[in-house]
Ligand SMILES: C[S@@+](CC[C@H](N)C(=O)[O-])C[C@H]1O[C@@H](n2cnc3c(N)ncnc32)[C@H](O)[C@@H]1O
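Only one chain is shown below, in structure tokens, and it's the form predicted alone.
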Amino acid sequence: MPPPIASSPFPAVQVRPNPSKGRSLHATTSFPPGAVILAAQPLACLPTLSHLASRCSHCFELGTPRACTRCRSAYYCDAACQRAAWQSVHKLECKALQRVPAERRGQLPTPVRLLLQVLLVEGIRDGVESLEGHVAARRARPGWRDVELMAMAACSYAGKGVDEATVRKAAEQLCKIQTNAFNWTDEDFTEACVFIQPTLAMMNHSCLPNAMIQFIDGKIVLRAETKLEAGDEIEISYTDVTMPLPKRRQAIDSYMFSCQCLRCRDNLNIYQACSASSNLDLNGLSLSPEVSKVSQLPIITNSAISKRVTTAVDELSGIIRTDEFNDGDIKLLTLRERFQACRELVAVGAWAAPPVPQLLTAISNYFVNKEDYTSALAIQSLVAIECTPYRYPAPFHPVRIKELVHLASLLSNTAPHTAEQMAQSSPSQLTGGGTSSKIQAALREIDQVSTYQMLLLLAKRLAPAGFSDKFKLSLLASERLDELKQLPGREKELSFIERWNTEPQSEWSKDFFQYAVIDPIHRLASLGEELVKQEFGR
């Protein structure tokens, strides 16, 4: 075992030399999947430009913060956050930001803002000094002049002078920021903050990661994604691992290395990567226990189909514009065109292959915008069963937890709509041949309140240990569960749900979960598949 090259402030991890990667972070003890390895305060953290005016620059909570009256470049949710930030960093940063021309203050790139803090705050500067910046390699690449210009601007605003030596040193520090900063995404999985934490910066990348980072209550929470043994190297993904290989390579290019993990070397498609996961058996208590049998799917067993899927995904990465999917006013014709582009993937049942999941989510949102919540629920159930578990095999992944809460939200919106439809329709209409009628009939057979309650309880159970009272999705689930306490006449249902929640691994609980949650969601998913092919496949 090689000796560590640096002591770590966190007993659970250790920095060690790595013959091919320079340095790496290793576990000092074993961790089961989902366990919190450590929680750390960031050395420096800033909201991204698009979130600058909507997130507090101290606690990073989303809201309507007010700008600092001096620099108009930092925003705080209340006086307490502003005072805390002033003591830690902003009293040094504020004067420098006032030197930025007023019309450019809100457009100063986040790396330049971080470089300002490095130049002005000794503690931040000392932490960044220990990091690698791959300066020589970056200097040889196109765009180095931009690095120098950003460094020069930061030096000028910081009042450090713009002589050659000072700017050169600042450019090196900027390279270290660009190499080691983490991008944190919010609950909607859009980039919200950029932060630096020197110990965690020692983690290397893999497209088959064994750990993940979550940002909770201003802390960086490192969580085991698979089982870790003492001595194992801890690897996270620097980018969205569900993207096709060309997109992943493009995303990590700025980190100055080429990923050599199994997923990249063999260009594994999303199903092949899923089959390599050690988390499949954890899905027993999830919406998709069948994901453990992924290796038996034709997409894996049939090499011709597997190759077709990989090829189609690579081709579609340049055809499908995912930014269109974020448009709430996306038109039906556009969705149909995009679905037609994915017809080869749909034909072989490759629902999890990108960009099909993004497209299905856009279709679900399209129905939400039309206030057709029953159709939206059916489509989102299809995503929950056929897409997300294969993309993120760990049921405690935040994407999976968010999906549980989202399904519950859609289910709550369908309940009054289902009752209204039942009141207005004859029995023959409710059991008619249309897919919408079938969805209504399926919802009529569900105890929607109980399914809703159990989805939220499952979301709470999967939250990081020790952070359930801070994890936003868990808090949201708790708030909605509290609202259910006011509903009368549910004593029998509550007793069943309490028994399931207390003893989830018992055979009775598994059968009850199958009946109350898995079977209804799978039925809706089947109808969602029928609906999407009917409405968008023509």
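Please read these numbers as outputs of a predicted model, since none were measured by experiment. One-based numbering along the sequence shown.
Although it is not shown, the form predicted in complex with the named molecule is what the next lines describe.
Annotated contact segment (heavy atom within 4.5 Å of the named molecule in the predicted bound form): 198-206, selected among 304-312, 75-83, 198-206, 392-400. Of the residues given (366, 452, 238, 339), 238 alone sits with a heavy atom within 4.5 Å of the named molecule in the predicted bound form. The partner is absent here, but in the predicted bound form a heavy atom of 134, alone among 134, 219, 461, 406, sits within 4.5 Å of the named molecule. The shortest heavy atom separation between residue 523 and the named molecule in the predicted bound form exceeds 4.5 Å. The named molecule in the predicted bound form comes within 4.5 Å of no heavy atom belonging to residue 215. The named molecule in the predicted bound form is not approached by residue 288, whose heavy atoms all lie more than 4.5 angstroms from it. In the predicted bound form, the named molecule sits within 4.5 Å of a heavy atom of residue 179.
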